[in-house]
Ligand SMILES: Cc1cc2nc3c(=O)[nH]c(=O)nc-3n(C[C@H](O)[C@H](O)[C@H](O)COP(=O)(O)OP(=O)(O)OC[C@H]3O[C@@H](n4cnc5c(N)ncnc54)[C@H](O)[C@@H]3O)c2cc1C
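What follows is a single chain, given as structure tokens, in the form predicted alone.
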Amino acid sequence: MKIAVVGGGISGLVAGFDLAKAGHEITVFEKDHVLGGLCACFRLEGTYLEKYYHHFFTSDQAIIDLFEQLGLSPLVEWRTSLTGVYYDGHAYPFGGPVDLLRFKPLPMADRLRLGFAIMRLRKIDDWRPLEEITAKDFIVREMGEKVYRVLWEPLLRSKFGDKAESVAAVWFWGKIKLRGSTRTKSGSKELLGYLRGGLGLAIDELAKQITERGGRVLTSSPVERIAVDGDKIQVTSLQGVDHFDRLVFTGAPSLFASLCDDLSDDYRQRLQSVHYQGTTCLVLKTKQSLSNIYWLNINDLNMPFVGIIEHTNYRSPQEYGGYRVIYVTRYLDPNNRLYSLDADELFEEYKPHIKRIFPHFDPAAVQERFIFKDAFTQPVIRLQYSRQIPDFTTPLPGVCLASMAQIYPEDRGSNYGVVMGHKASEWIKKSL
């Protein structure tokens, strides 16, 4: 069977890999000049580096199994990390129970209440009642107003903007439960995994195995139209017009709606009602370390970014020619002014704020800066989201929709991208 996969991110490549192994003729269409989607990499000092910071957790079995299938397991490394919170002019370690007890911006009673609430939240398995309450209301009820204002409101607003107060508690539950499943045996430290050499090695291997089985993996090939033509699916792209027996679409639902003419108004409206936040990520190659913290959440609504991730506090600088690698990240609506800035402009915008957090920061130590952005990064998980998300089955015969917006109740991530790829390939196999 001829099968098209639209989207060369991790989900599309995994779906293509599964289906190629099953003997099908696969064509992957990727609009960008590189594969990987939100897992895409670029070369820094000869080594793959993710455009957007990535690690995985001990509970991320799907991606761990994928590395095994691709022969990359020897490159998987597990390390502890130090996370922190910047609040009211200070950076506080915030990686475990001891750090929580020492977190002075909250009164001791609130610290204890927060700790017990997190433990209760991690034990919840039935997430459906959490669809009926917003994250804000849930946090205030379980942890108190002060905890919400200090810890969670800045992060929700930085991630979801003016949609923050409409985000359902199930999203917050997913974050807390996942992070609690990836600790050392003592529970005091977080254990994170990374593929030595970068996720680009896995992306390359997936593409290689698809092509070795007779498939095509096309970059710089945006799809312009998807239509039903008799018992075939017609795909129009820069490569021309081709016909397929089945199709997997892994982009945002609204993009799918924009490419298909043969959709009802009700279905099209449902696809377009799934909203995303975009992201802009500034990557700095520098001679200077900012701190010993790997992941610093910025709990200050006056800051123009939500996180500073010093990758080389988790990986050795020697992997990148001795340089330090720092991500400065921001979620935002693509209409936001900051989204349109290039790397130099955004660096100028961020410099005084980085200097405020780290007074010793020397802009002259930054040797190179890179900017990466995507308009479809974080689905906005609203109340009763399970009733809103589209199904894998679309009104177009033989066409499967497998987007990041359907990773639910879990949140987006490379592991769940792999899960979606497997689910899409299983849908195609069953449809045959």
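All residue numbers are counted from 1 along the displayed sequence. Treat the numbers as computed from the prediction; the structure is a model and nothing was measured.
The form predicted together with the ligand is left out here; the points below concern that form.
For the chain shown alone, Gly12 is a contact residue for the ligand in the predicted complex, at least one non-hydrogen atom being within 4.5 angstroms. The ligand is not shown here, but in the predicted complex it comes within 4.5 Å of a heavy atom of Leu38. At a distance threshold of 4.5 angstroms between non-hydrogen atoms, Tyr53 is in contact with the ligand in the predicted complex. Taking the partner from elsewhere, Val6 is found to have a heavy atom lying within 4.5 Å of the ligand in the predicted complex. Only one of 363-371, 389-397, 45-53, 65-73 places residue heavy atoms within 4.5 angstroms of the ligand in the predicted complex, namely 45-53.
The candidate spot formed by Phe29, Leu259 and Asn415 is fully in contact with the ligand in the predicted complex: every one of the three has a heavy atom within 4.5 Å. Comment: the ligand is not present in this chain, but in the predicted complex one of Thr286, Thr312, Thr134, Thr279 has a heavy atom within 4.5 Å of it, namely Thr279. Site annotation in the predicted complex: the residue of Thr83, Ser221, Gln209, Ser254 reaching within 4.5 Å of the ligand with a heavy atom is Ser221. Residues of 225-253 that come within 4.5 Å of the ligand in the predicted complex, judged by any heavy atom, are Phe249, Thr250, Gly251 in sequence order.
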